[in-house]
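Shown below, as structure tokens, is a lone chain in the form predicted alone; questions about how it binds or moves come after it.
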Amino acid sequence: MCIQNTETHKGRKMAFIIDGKKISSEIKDELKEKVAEYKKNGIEITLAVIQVGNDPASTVYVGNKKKACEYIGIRSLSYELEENISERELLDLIEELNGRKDVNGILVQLPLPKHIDEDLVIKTIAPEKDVDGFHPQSVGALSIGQEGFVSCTPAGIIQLLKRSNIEIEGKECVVIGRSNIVGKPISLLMLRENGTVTICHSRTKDLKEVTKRADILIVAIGKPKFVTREYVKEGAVVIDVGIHRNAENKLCGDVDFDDVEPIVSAITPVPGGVGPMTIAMLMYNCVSSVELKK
């Protein structure tokens, strides 16, 4: 796995903690330099962010995206729409932004109010401006190995592994969860990196037996502290995509970190693991939109 960690605690070797904050900062700094170069050549990158309603979690995410844009030097346009806006009005706005030459990326913050068809909204965003990587054309391009935007959380997981010198090629990779946003795309990306991939889900039989084979275990199941050490092979790398608040209002993941950490070689914490990477990779997609345009 190429992980070197000699730290010990009470006589045992500690797992390498994969630091998403640090890695996401490195990526943002690299992008900042790139954007400065583009500006010298008269190219400005613009991201349009649309939020419908004022869901508190969405407001936090949108705020973080704006901060990241500001830091990197990406211009952001903000559209804060009323909860009761009609679907047609939202689609008209997206179509207007599709046609604007000065807009590189369009992001519609999910979830949307129930009266708006999320699927239709995603399909209305022009694929060349789909920096979230959710458009069927982006997903199709990923599945056949063509150029296109990759959804941000899976792309971030690949960066976490690569920048932590964790080898994917030839490794047994198990993904728990088959969502369109994480489970399916991360499986395709691990395959692209020459991993041997198994996808588990709610109908998988003998789940523990399957997950215990994993050299790299990616957990995106949406259940707090679901994965304990019985699911994990000793020395495995564990990537926790989940984020929840426990009874004490503290953030936790899909993995029981305290139970699993003593037996693995590397693990992502929650918070500070996969989370920060999602916004870093959104920024990466915005910057790479210039190359994709060409």
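Quantities reported herein were computed from a predicted structural model and do not represent experimental measurements. Numbering starts at 1 and runs along the sequence shown.
There is also a form predicted together with a small molecule; it is not shown, and the following applies to it.
Though the partner is left out of this view, I116 does not reach within 4.5 Å of the small molecule in the model of the complex, counting heavy atoms only. Although the partner is absent from this view, V197 stays clear of the small molecule in the model of the complex, with no non-hydrogen atom inside 4.5 angstroms. In the model of the complex, the small molecule sits within 4.5 Å of a heavy atom of G275. Although the partner is absent here, V238 sits far enough away that none of its heavy atoms falls within 4.5 Å of the small molecule in the model of the complex. Screening L188, L110, I181, A141 for any heavy atom within 4.5 Å of the small molecule in the model of the complex leaves a single hit, I181. Only one of I221, I72, I216, L97 lies close to the small molecule in the model of the complex, with a heavy atom inside 4.5 Å, and it is I221. Checking 223 to 231, 257 to 265, 24 to 32, 41 to 49 against the small molecule in the model of the complex, the stretch whose residues place heavy atoms within 4.5 Å of it is 223 to 231.
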